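The chain below stands alone and is given as structure tokens, in the form predicted alone.
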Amino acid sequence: MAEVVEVNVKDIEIANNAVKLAQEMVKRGYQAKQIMPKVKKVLKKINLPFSAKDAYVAARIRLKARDKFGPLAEKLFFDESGYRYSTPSIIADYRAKRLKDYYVADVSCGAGMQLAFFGFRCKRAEGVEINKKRAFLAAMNIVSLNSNSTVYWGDAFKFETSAEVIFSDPARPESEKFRSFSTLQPNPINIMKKFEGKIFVFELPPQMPPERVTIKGEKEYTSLNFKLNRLALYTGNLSTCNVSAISLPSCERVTDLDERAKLEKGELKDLIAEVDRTVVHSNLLENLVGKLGLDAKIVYMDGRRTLLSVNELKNSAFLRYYRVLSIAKSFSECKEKLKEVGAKKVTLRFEIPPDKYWSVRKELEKELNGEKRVDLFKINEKFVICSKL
């Protein structure tokens, strides 16, 4: 059986005051051993399993969470693991909008961010979490955000629900060579057996290509600000195609049902388009080109970056356009060409070891006195200097 986790507004106010105090002390340079005794006094009357250490951790997370959650970050309570795997607010809201007509049960709700947005958008929302402390954090976030959701502490496989849609964002190892269903907890196959007859939505590791997702349904890859961020699998009535890609915040979408355009290799021209890796990873590049009616040739492709030579600009959140300013055959020639085009700052857009990035960039920039910010690609062993359009 699962137990309802109840949290009252007064306890949230106390917890929030404790976290804010810890935040201010962290900003002023105090160490944990100096912060926690003062925070402990604030938490003296709280009726939640929320300690001074929990408040300190939550405070440090809030200081870095604004990029992920915007202004909501100042209301949230996380532990490190809950924060690492939590869904960014833009994606959580988009996902909730897709499920807005349904009663949804999140059977691995973690710290509750996605559940909170289900509560904002859906007919009804409830979540269950097996980790007791995280279940309380989820309930705290639900109350803090004033979401119309219910949190339960318990085992998903002993949880009973009348929900129409079962949502699960299973935990996964921090790193493994190949992502697979077998290492996900709770395992999606077992969730489908437990809640047989329901509609399912699973968040899966985005590194999984479409062919490795063996459950039938729509595999939707999500790009957030031009970076692959999420993979969701929708079954039943929620499935609209086999594979799709969505770009957020624009909500531009491409699917395997869009007309494909055959792409061939070509020569570098004056305009190039960098393709969002999300589209390439989901095998939808030809569908995107076909949908846009883009006259394009492939000039470079590796595991991280795909560049197209194009004759015109077609508006798309999945493409970033650049004008070629100059081409150099060697590093030394590249330095001279950068001076000729009036460069000042150079962003490297080719494969380079992270520990060498800044040393190479400084070497390129050290004698530049122009005004332009340029992007430097490496295509077929040539340095291609570009300006972003």
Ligand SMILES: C[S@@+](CC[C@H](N)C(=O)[O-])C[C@H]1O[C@@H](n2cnc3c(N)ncnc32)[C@H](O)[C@@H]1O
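Numbers for residues come from their place in the sequence shown, where the first is 1. Everything numeric in this text was worked out from a predicted model, so none of it was measured.
Absent from the display: the form predicted together with this ligand. The rest refers to it.
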(Q) Using a 4.5 angstroms cut-off on non-hydrogen atoms, would G119 count as touching this ligand in the predicted complex? (A) no
Please check if S149 has a heavy atom lying within 4.5 Å of any heavy atom of this ligand in the predicted complex. no
Although this ligand is absent from this view, report whether S162 comes within 4.5 Å of it in the predicted complex, heavy atoms only. no
**Prompt:** Does F226 make contact with this ligand in the predicted complex, using a 4.5 Å heavy atom cut-off?
**Reply:** no
For this ligand in the predicted complex, the stretch among 154-162, 238-246, 310-318, 281-289 with residues bearing a heavy atom within 4.5 Å is 154-162
Of V128, L76, A125, A139, the only residue with a heavy atom within 4.5 Å of this ligand in the predicted complex is V128
This ligand in the predicted complex has a heavy atom of only one listed residue within 4.5 Å, and of V201, V254, V104, M113 that residue is M113
Near this ligand in the predicted complex, with a heavy atom at 4.5 Å or closer, the residues from 328-343 are none
